[in-house]
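Before any questions on how it binds or moves, here is one chain, the form predicted on its own, in structure tokens.
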Amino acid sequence: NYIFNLKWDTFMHPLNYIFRRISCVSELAQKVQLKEGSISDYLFHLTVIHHVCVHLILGGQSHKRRRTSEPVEIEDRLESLICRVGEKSTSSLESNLEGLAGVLEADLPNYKNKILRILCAVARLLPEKLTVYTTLVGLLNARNYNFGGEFVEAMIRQLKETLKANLYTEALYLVRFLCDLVNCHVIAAPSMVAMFENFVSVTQEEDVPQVRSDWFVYAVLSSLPWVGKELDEKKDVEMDRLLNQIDGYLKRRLKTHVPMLQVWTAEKPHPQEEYLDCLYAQIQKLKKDRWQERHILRPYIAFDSVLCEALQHNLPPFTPPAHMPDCQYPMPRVIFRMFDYTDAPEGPVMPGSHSVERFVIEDNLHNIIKSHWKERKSCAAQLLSYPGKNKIPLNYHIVEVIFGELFQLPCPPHIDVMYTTLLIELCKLQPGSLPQVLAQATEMMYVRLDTMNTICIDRLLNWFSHHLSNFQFRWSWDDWVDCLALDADKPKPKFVKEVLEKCMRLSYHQRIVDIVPPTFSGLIPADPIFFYKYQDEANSALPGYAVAIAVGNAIKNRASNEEILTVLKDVPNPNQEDDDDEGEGFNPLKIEVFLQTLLHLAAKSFSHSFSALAKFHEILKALTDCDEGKLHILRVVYEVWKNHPQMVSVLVDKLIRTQIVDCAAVANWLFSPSMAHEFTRFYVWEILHSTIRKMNKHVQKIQKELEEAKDKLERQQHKKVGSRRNSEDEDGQLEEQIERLQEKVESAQSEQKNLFLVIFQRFIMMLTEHLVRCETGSVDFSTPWYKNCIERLQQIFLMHHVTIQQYMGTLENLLFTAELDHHILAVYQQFCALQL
């Protein structure tokens, strides 16, 4: 049947290849019970083969013309066959596997290396079909013992390479694949146990990060649902000793990092467990249940009579690669829990949080997303066609896994918008059931907003507003009327207000007014109008009013920059005593008059505003040649667009890009007293993180240029072509370029370090003042503002952890010292624990 399902051009190969196919078809025809009507298909393919054979024998020149591309064509066909096995088919998986094993066995003499490479690749890249491929390898090993040995050796080599390359997720899949080969009688159980013992021995190493030991323990525990029963039956004493060693490690392991990674601070209704603790509890329950699980597809059981006769291989001794300073181990995680069996009242029961079935289902769903995330339609289809979906409440599992990834700290595995589009696609494919589960999940998260991490609230409101925009902004707002009775600083009213603000970005103000009930009017965003204080003649007494009118006319009449600067000379300077030379020094009124007038004339759209800033870039640079000027230009942007946070965000972004203001100025402005009332607003942190990312990209860009220049110089020094003089001249030029770039890198890194110092210093000052004020007044310090502020500090550490780690010594010496309040210092210690 497997051969019958192939396109007839599969058989368009050289004569010897054709004869192997004929024998393969004949063998399969005898083994597989033919379905009704398949005899004609069989005779048809034999006729085609006969026709092709005659054509190849007699074709002569045609055969020669095809010969050059023939090996490539066959290799591509082999890759397609291997990658597609296990997909939906009219034939059973077992018959497809047996057919493919026959095809591959026939091709081993000529294409062994290609087949080895493909099988090693799918073991690493297609974990959702792990047991399908282990069964295939088992069948090949039963037919060709030497190939089985070569495959095991290739897998061990690949495992070592992935570990050295810091590809720990792929390494995990390879370990699990090797484990399942024990079930297929390819690898002997004692050698697998020995490998596990070497993994667990890492926990005894000294002066290594805890995350290194965590990964090797996780690799062992996460493989046991597949192979635990087989190993326990054959090596029960060794397995007990292994689990006891793991138990001892978990008890002495530090968990300082856990509070920073939890989505919810409350343990009810679902405890947010650390990932190793949760997995160990699941394995303990699995062991108690005699290693019985019901959700792993095990196609090799159908071939037990064949596989049990096969000779097994011993794994070569495997020593985990030594720890190196450049090793980047996966960060620890906290397991996200949102549902239990009480939340899915109808249909199959959801497995408990400590049942291994919960781990297996979630792991498989994560793997499907990882393999298909770039194509939302196929990803949604694959999730909904999950094997065994009738035995579990699949929609609840899918929604929980997707939100678990979206809320994963420090950052989701994929870009945020992917999860939005995936959930939309799932709602389209399952309109009768999945939207209800999604609405239930949204309601549950709204109810628990008080204890939800602020970073996750940001992601939730981004997802929710984007999702609503795809469904005409329809929502049962009356169900959330309870938020109207709460203080505006509480999480629920803040969340609703920010969601409506974000929805307005995706629509327009009047649309939001129309869709929200009148009772929510207090939370509806203000009309995004421009505030121009020189527009009304009633304000003609304001200082600078006459100059503002003159500047507006000059801009309309296309005056030159010099002419406009001449007009601005008439602006009185409130800081006159500090201004020694006319036209020089910081004049806040001059900035207000020019920038308010310019932005007022360009207020029609983003594009108009961008063009205005670009056209008068020279004037703006002249007006902001000092730190006070840069701060004041940001204040003016906020004053005129305070009802339009999106415009403020994009204009600040443009000012940084055009180098009118620098990153440190933006940080100082956001933490300034004038912005204190906006401190907990979503857009403020959107601006700050965008600013940090720009600084980081700037440093990375210069570092890349420096590395490229160094590589070019090294290549030139190895070349012996051309005259010595020309070579020396070029080397000299490159060396000068490298020196300049080195200076730019050092300057940029200094600026980057200063930015983080400014941000952390402001956080410490604000939090310390709050704690002292509360202690003096004998009031509880844990206010909504404090929760927001301390979690924003955590967010800075988490979102930019790679960069911040470069400056840990400076931060510890200057800011996060032992004298600091322990509430603030705890955040820094949690961050340090992530890589200990």
Partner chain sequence: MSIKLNALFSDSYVDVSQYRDQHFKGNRYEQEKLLKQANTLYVGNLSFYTTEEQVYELFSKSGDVKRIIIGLDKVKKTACGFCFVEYYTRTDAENAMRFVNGTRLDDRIIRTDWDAGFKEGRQYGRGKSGGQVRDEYRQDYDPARGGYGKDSIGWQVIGIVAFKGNF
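Numbering follows the first chain given and starts at 1. The shown structure was predicted, so the numbers you read here are calculated from the model rather than taken from an experiment.
FYI, the form predicted in complex with its partner chain isn't displayed, but the following is about it.
Student: Looking at 294 to 302, 498 to 506, 312 to 320, 480 to 488, which stretch has residues with any non-hydrogen atom within 4.5 Å of its partner chain in the model of the complex?
Tutor: Residues of 498 to 506 come within 4.5 Å of the partner.
Student: Only one of 110, 674, 737, 646 comes within 4.5 Å of its partner chain in the model of the complex by heavy atoms, so just point that one out.
Tutor: Only one listed residue qualifies here, and that residue is 646.
Student: Name the residue from 558, 719, 697, 251 that puts a heavy atom within 4.5 Å of its partner chain in the model of the complex.
Tutor: Exactly one listed residue reaches within 4.5 Å, namely 697.
Student: Hey, with its partner chain in the model of the complex, do 98, 176 and 395 all fall inside the 4.5 Å heavy atom range?
Tutor: Result no, not one residue of the spot touches its partner chain.
Student: Hey, in the model of the complex, is residue 415 touching its partner chain, heavy atoms inside 4.5 Å?
Tutor: Heavy-atom contact with its partner chain at 4.5 Å: present for residue 415.
Student: With the cut-off set at 4.5 Å between non-hydrogen atoms, does residue 605 touch its partner chain in the model of the complex?
Tutor: Taking the distances in the model of the complex, the answer for residue 605 is yes, it comes within 4.5 Å of its partner chain.
Student: Even though the partner isn't displayed, in the model of the complex is residue 284 close enough to its partner chain, meaning a heavy atom within 4.5 Å?
Tutor: Looking in the model of the complex, residue contacts with its partner chain do not include residue 284, since no heavy atom lies within 4.5 Å.
Student: Counting only non-hydrogen atoms and a 4.5 angstroms cut-off, does residue 122 reach its partner chain in the model of the complex?
Tutor: Residue-level check for residue 122: yes, a contact with its partner chain.
Student: If you look in the model of the complex, which residues in 127 to 165 sit within 4.5 Å of its partner chain (heavy atoms)?
Tutor: Contacts from 127 to 165: 158, 161, 162.
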